[in-house]
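Below you'll find only one chain, the form predicted alone, shown as structure tokens.
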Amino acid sequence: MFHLLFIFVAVVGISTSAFGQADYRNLDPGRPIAIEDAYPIEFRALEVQFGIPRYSREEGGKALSFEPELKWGFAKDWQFGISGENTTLRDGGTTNSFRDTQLHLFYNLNQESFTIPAIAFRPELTFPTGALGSENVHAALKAIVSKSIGMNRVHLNGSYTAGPTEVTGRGGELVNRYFYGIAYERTFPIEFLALLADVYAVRPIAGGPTEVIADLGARYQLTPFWVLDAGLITGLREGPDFGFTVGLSYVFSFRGLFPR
């Protein structure tokens, strides 16, 4: 994962930022809330996300995670992404390891209209890459719906993961048996700011009890190319007692990707 991060930084260093445009309203899972919106990044753009850091505390332990991601708008309405998770876990002792790496595709079926919401689908493939990761490969399919109401947006997400049940403590946040939730977004376009809240239910791949979790967060566009996000996490039933996340995203592209 650190090799992957080095590649991210090198790519950013040689990119031509004039051909990339960040969007503070483009919601990604965990940046900073779990629910995402139904739109990919722009065609021909690439986006690097630095998850710095993601902390959670619950009964039995504390976890500090670093979760980088690279996304590419490789075709109109399509997106490809790769993400990973390096975690330091304290549960009586201290363990540092990679967890899982996830590949995803993202397809936006339609633009929303006055009556019809935007709809997208996100197939995912997650495979183990460390001692704290899953012991098996898992495949998932997520459906996403987004609808705007003035300066407000509402998002619905639901997904199911196919694959073997894992032992307790394996897998991490990238793999869950099922997930569904709703988010509310309030946009302040003059300030380039979005305030976010969500609530969702998730069943761990380990087969434990269903967790109900709430997030509060914000996304702020620092420049045309950089977006800062931060959020708070708490479990309403099971799940973490408390957590927070901070992230930074950079959007860029290359002149060679654009037609002459």
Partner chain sequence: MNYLKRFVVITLIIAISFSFTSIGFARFEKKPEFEKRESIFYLYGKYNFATRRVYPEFNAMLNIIDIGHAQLAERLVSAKNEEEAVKLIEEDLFEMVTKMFLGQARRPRFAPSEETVAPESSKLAWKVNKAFDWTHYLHRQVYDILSDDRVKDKDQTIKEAFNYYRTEPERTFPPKLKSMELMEGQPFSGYWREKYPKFNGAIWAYHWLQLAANEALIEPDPGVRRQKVDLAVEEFKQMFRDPSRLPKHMPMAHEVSPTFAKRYPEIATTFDNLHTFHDIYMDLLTHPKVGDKRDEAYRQLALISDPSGNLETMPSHPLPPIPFDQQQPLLQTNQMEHMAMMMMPTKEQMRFLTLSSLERKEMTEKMMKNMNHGGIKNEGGEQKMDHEDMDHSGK
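Just so we're clear, the structure is a prediction, and the values are computed from it rather than from any experiment. Numbering follows the first chain given and starts at 1.
The form predicted together with the partner chain exists for this protein as well; it is not shown, and the discussion that follows is about that form.
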| message | I'd like to know if residue 58 sits close to the partner chain in the predicted bound form, meaning any non-hydrogen atom pair within 4.5 angstroms. | response | no
| field | Residue contact check: residue 212 to the partner chain in the predicted bound form, 4.5 Å heavy atom | value | yes
| query | Is the gap between residue 43 and the partner chain in the predicted bound form 4.5 Å or less for some heavy atom pair? | reply | yes
| task | May I ask you to check whether residue 125 falls inside a 4.5 Å heavy atom distance of the partner chain in the predicted bound form? | result | no
| message | Looking at 23 to 31, 202 to 210, 63 to 71, 48 to 56, which stretch has residues with any non-hydrogen atom within 4.5 Å of the partner chain in the predicted bound form? | response | 23 to 31
| task | Indicate whether the candidate residues 93, 162 and 245 are all in contact with the partner chain in the predicted bound form, with contact defined as any heavy atom within 4.5 Å. | result | no
| query | If we check the partner chain in the predicted bound form, which of the residues in 113 to 138 reach within 4.5 angstroms of it by a non-hydrogen atom? | reply | 113, 114, 115, 116, 119
